[in-house]
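In structure tokens, the next block holds one chain alone, the form predicted alone.
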């Protein structure tokens, strides 16, 4: 994953749990990187180790941490200068969710080693849709749920989200039924 992800995780932990906890989490994870370079690619294992150590250190379930981090990611990337990419992906929550793969193509122009997930939508209607999520990286469905919630906040929308397919339960991908109020 790119340094941008690890920097966002660092910012999330420091903001909600303090710099001291971040340093302890890095040590527990065996991560000696002092500063993550946003445009540099790092092994996925570093991110997974940081998340695992954060869960242990903070006594938080992985799904909870990843979901909260997903919400945070939307705000973080907007502050890091990527808000215009989101704005260009659509003027409604449904439109952005429908255009996620196109958004990742544009991000890939800046991050050539990007290995993004793939998304598709079905049952799109005025008050919701089903989002299908395909990724080679396991265990990140809760983060996707947080991302969707963060996007809803960005649009001032309230939503309910239910995971309808679960790769961890044997399905070939994850999917989420989203209802927007």
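Please read all numbers here as calculations on a predicted model, not as lab measurements. Positions refer to the first chain, counted from 1.
FYI, the form predicted in complex with a small molecule isn't displayed, but the following is about it.
Residue among 54, 46, 140, 152 with a heavy atom within 4.5 Å of the small molecule in the model of the complex: So the residue touching the small molecule in the model of the complex, by this definition, is 140.
Would the small molecule be touched by all three of 1, 77 and 115 in the model of the complex, meaning a heavy atom each within 4.5 Å? Result yes, every residue of the spot touches the small molecule.
Taking any heavy atom pair closer than or equal to 4.5 Å as contact, tell me whether residue 93 reaches the small molecule in the model of the complex. So residue 93 does not count as contacting the small molecule.
Would you classify residue 120 as touching the small molecule in the model of the complex, given a 4.5 Å non-hydrogen atom cut-off? Answer no; every heavy atom of residue 120 is more than 4.5 Å from the small molecule in the model of the complex.
Consider residue 66 of the chain shown here, and say whether it contacts the small molecule in the model of the complex, taking contact as heavy atoms within 4.5 Å. Heavy-atom contact with the small molecule at 4.5 Å: absent for residue 66.
Please tell me whether any heavy atom belonging to residue 133 falls inside 4.5 Å of a heavy atom of the small molecule, as the geometry stands in the model of the complex. Residue-level check for residue 133: yes, a contact with the small molecule.
Which of these stretches, 58 to 66, 27 to 35, 122 to 130, 143 to 151, has heavy atoms within 4.5 Å of the small molecule in the model of the complex? Selected stretch: 143 to 151.
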